[in-house]
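Shown next as structure tokens: one chain only, the form predicted on its own.
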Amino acid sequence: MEPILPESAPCFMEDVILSRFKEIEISGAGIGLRSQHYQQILDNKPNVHWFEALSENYFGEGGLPLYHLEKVREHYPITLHGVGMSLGSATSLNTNYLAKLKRLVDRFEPAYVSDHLAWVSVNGKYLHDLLPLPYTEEALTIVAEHVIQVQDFLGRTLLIENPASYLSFNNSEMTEWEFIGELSKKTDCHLLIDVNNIHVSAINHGFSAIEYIDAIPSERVREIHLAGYEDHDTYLFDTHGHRVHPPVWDLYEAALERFGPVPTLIEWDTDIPEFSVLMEEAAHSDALLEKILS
């Protein structure tokens, strides 16, 4: 999804490094942090295990987004999830982007830092979409080099998320799940498994979602995403704008059986609903997580 960059706003504590925030483990169901819900969260302190913030929304030098993120971070663990790293680009990584991300990571000390197995830019020109890769040895080498560079720069292990896709490349030499498995071996990265994306891609390309889940190295999985899609008859479109659909809940249960009670995010990026709707989805996830633990 396209990041919403912070608009100009009054500067709040722009140079403060929040060293009192320590890295902590997360568990249970989390919710994506959206500006529409800032005040409700801060006023009511809802019973949410953790929040995920979209990294690029907080790259400004100051302003209301950072102010609210700081206030939320005082009460909840957070993760940082990005869409602009462009790990799959054949060109060099954007060092200015990485510097902004590192400043954010150092300031808020998130539980996890994640981005996508995709490319979004060419020679500094951003396309504002998460574009797929050919799954070849050449692409694997490029992505692995980029992941290692980012991990060295941030001093953190990245979580890499599997994409939703609508086309595949004729020159691919391996499946997506084989590519992801090899990437985790080469870079020692961790994985963010988006169960909705697996379902969407499985329907669009005609592969088995269960085969995908079964092939992922379970010891690498640190987080799961759940979201909603749109059914366009001939394909599924990943909008992150609906409740989680029943087939995705079913696949999620299968994923938990394989990976264990992995922290799970309810992700909703378009047509943002009332916060109570997100709480209901998180409660459903928590119930399935508890079922695995029992």
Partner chain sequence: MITLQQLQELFYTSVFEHGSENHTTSKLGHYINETEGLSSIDHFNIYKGSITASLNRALREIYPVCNRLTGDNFFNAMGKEYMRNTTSRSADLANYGEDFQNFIASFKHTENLTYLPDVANLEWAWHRAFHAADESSIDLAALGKVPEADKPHIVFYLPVSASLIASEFPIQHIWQVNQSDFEGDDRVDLNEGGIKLLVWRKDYTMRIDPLDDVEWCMLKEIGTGHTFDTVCTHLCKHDPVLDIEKMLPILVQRGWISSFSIDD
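Residue numbers count along the first chain shown, from 1. In this text, all values refer to a predicted model and were calculated from it rather than measured experimentally.
Beyond what is shown, the protein has a form predicted in complex with the partner chain; the following relates to that form.
Q: Of Leu133, Cys189, Val150, Val200, which residue is found within 4.5 angstroms of the partner chain in the predicted bound form when only non-hydrogen atoms are counted?
A: Looking at the other structure, the residue within range turns out to be Leu133.
Q: Which one, Pro46, Gly241, Gly62, Pro247, lies within 4.5 Å of the partner chain in the predicted bound form by heavy atoms?
A: None of the others qualify; the residue that does is Gly62.
Q: Is there any non-hydrogen atom of Glu211 lying within 4.5 Å of the partner chain in the predicted bound form?
A: No, Glu211 stays farther than 4.5 Å from the partner chain in the predicted bound form.
Q: Can Glu219 be called a contact residue for the partner chain in the predicted bound form at 4.5 Å between heavy atoms?
A: Glu219: no, not in contact with the partner chain in the predicted bound form.
Q: Taking any heavy atom pair closer than or equal to 4.5 Å as contact, tell me whether Ala90 reaches the partner chain in the predicted bound form.
A: Yes, contact at 4.5 Å.
Q: Would Glu267 show up as a contact with the partner chain in the predicted bound form if we use heavy atoms at 4.5 Å?
A: No - in the predicted bound form, heavy atoms of Glu267 and the partner chain never come within 4.5 Å of each other.
Q: Thinking of Gln40, Tyr229 and Leu278 as one candidate spot, does the partner chain come within 4.5 Å of a heavy atom in every one of them in the predicted bound form?
A: Judged in the predicted bound form, none of Gln40, Tyr229 and Leu278 sits within 4.5 Å of the partner chain.
Q: Partner absent here, but in the predicted bound form, which of 220 to 228, 150 to 158, 81 to 89, 192 to 200 has residues with a heavy atom within 4.5 Å of the partner chain?
A: It is the stretch 81 to 89.
Q: Can you tell me which residues in 152 to 189 come within 4.5 angstroms of the partner chain in the predicted bound form, by heavy atoms?
A: The stretch 152 to 189, when checked against the partner chain in the predicted bound form, contributes Ala164, Ser165, Tyr166, Leu167, Ser168, Phe169, Asn170, Asn171, Glu173 at the 4.5 Å heavy-atom cut-off.
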